[in-house]
Every structure is written in structure tokens, then in C-alpha cells.
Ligand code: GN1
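Single chain ahead, by itself, as C-alpha cells, in the form predicted alone.
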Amino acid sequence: MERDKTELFQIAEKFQVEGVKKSVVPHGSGHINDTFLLTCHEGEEEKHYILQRMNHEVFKDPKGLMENVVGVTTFLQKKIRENGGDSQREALNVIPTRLGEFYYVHEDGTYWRMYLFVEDSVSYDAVERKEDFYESAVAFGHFQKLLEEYPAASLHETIPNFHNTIDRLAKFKAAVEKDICGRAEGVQDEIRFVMDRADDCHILCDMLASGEVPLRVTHNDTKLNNIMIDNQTGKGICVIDLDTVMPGSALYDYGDSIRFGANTGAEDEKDLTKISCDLELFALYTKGFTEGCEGSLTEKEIKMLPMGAKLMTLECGMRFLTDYLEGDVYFKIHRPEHNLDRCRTQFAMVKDMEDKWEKMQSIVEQYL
């Protein structure tokens, strides 16, 4: 629902903001939460805040979500200060309500929160410069390093089974079996593509369960636009959008970044000849991520980085295909067979990774 300036100011007043509120405008390009930039004046100085309505239809446990965010950001701020950094710019800072809570429930039942705005920084929606992709890799790796001692198992699963590829495979099989839209017959090649790789879907889940790779704090939405890049230095300084912070594997975060950032084509590209895994970008991100992790990754995790990239891409394609079979009920579509096009690009990316597997492994081995 649309909200006017007066109502947004009233909501903002529930939080511990400093100064006189001057303006509140829509901010960013997110599709899930409603985000606004609040500007306040304190004497001659301007202070900015992010005011955000949490989408409790997507995140059904806002209280648990904010417990995750507060726990992780408090831990990050402490680590950053210990390292001599600026905890107000290098980590998100949650602004409490005037009652000391970390979120506010409005009279209409909506959930709101506020962050201190990260000044003199910018985020990018797409990889325009290789340097920015590298900086995002360093920043997400550093995020892993700072949180390596955080008790990951204590985090709430804000989206249960988000990267549980065994569960994703089971849901896919059920969608094929039910075939409620009668679409399965037309996508037999795509169904076969998944089933030929069904064993792969168990690899990371089994390794986590056995302790072969450690349970870590994972961001789970490692797109470039979730990194704030300093306007002066061009360095990635702060990881934002912590709604999907959950327990998982570092391979999830690394793999999804490769899926998104090293693909030579768009996520819904129809011409599959344009889809490939750019090995230069793959190598650049691997370099940045391992540098950011500063030795915190285990040897097994480093060896499994290509598998993380492949599995996150396969999982995403499987999710698009599942949604197509179920009638396009989860992902928004803008044309018929949009989800099928998305699925095919992911599978083309997986196939290209498989064709380049030895080269990917060779790139990764230099970081062992």
C-alpha cells in the first residue's frame, strides 16, 4: 500500500532518530521490503537513516529475523572495533525504537525497522566493472572471516530449507509427479537434466551433516547490490540486507555469487549461445573471496568451491523449473514461459561449468 510522508514520519518517530525530520523518499531497488531514505537535520548537519517495512508475508517470523540481524550486527561491530575499523560504516547499525525494541509493529500490523545509513557509499545492481565484482568478493569473504566464531547454529532459519538441495529436489520431483498444469511433457529434456544430476544434490547437504565442511553464518543473497562500495576508495566496505542470514555453508554464498556474477548472459536470456561461465570473472571472484576469508576456509571448502558454484546454479534452475510446472506461483513472470527461459539459462550455465570443470579446479587449487 502507498504511504504518504505524514504517515512515514509518524512511523519514523517511533525510533530513536536524531534531529528534525526533513524528507522521506523511496530508496533502492529491492523487490521484497519497502525501503525509504529518511533525512534529518541537526543544526547544520544532515543525518540519514534507512526506514524499512519488512515483508512478513515472505519472512513469516520477523521477530526471529531481527534477532538474527541484531545478533550478527552486534558481533560484527565488536570485531570491527577490535580491528581498528569504523563500526558505523563497516557494519549495519540497527536503530532501536523509543521503547528499546529493534522493530516496531504499526497499527495496521506491518513490521518496521530502521538502520543508520552508510554515508558516502554506493551499491550497483549489475557488474559494470570487474573491480566492483572483485570488491564484492573480498567483502563477502571478509564477512565470513569476521563471523567465523559466531555460533551459526543459534540463528533462526528465516526461510526454512532455503539451500537444502535435497529438499529442493524432493519438491521438484513432486511437481513433476503431480504435473498440475500439464506442462511436464513439454519439458522432458529439462526434467532429465535434473534427474541426471540428482546425486549431486546430496553432496553439500551430506558434507554439512557429517561435519566434513563446517556450519557457518551465511548471507544467502550475495548479489553485488548487497555490498556498499566506498565513494572515495572504491573498496567494498559494508555487507547489507541481512534478512536471509542463516546457518549454512560458505559454499552457498560463494556459489550464488558465481551463478549471478560470472554468467555472460542475463538470467532470462532466450539465446542460450550467450550463456557461459566467464572464467576470468570466476578467477577474479575466487581470488577476492579467498583473500577476504583470510585463511578461515578449510582445505575441503576451497576444493569444493567449483561444486558450490555448480550446485547453486543447478538449484536455482531447479527452482525455476519447479515453479513453471506448478503454474508460476512463486517467481514473478513478465511473459509466458518466463520461468522456463530462466531455468534453461541456469542449466546452460551448469553444462558450461561441467565442460570447464578441470579449468575451474585448476584456478581454485592455487588457493589451497
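Residue positions are given as counts along the sequence shown, with the first one as 1. Every value quoted in this text rests on a predicted model; they were computed, and no experiment measured them.
Omitted from view is the form predicted in complex with this ligand, to which the following refers.
Note on the interface: of 317 to 325, 300 to 308, 38 to 46, 66 to 74, the segment with non-hydrogen atoms within 4.5 angstroms of this ligand in the predicted bound form is 317 to 325. With respect to this ligand in the predicted bound form, the three residues R216, Y252 and I363 uniformly fall beyond 4.5 angstroms at the level of their nearest heavy atom.
With a 4.5 Å cutoff on heavy atoms, V105 does not count as touching this ligand in the predicted bound form; it lies far away. Using a 4.5 Å cutoff between non-hydrogen atoms, K145 does not count as a contact of this ligand in the predicted bound form.
This ligand is not drawn, but in the predicted bound form it has a heavy atom within 4.5 Å of I159. In the predicted bound form, none of the heavy atoms of E212 sits within 4.5 Å of a heavy atom of this ligand.
A heavy atom within 4.5 Å of this ligand in the predicted bound form is found for exactly one of N263, T290, T165, T244: T244. Proximity to this ligand in the predicted bound form, taken as a non-hydrogen atom within 4.5 angstroms, holds for one residue of D132, D256, E90, E190, which is D256.
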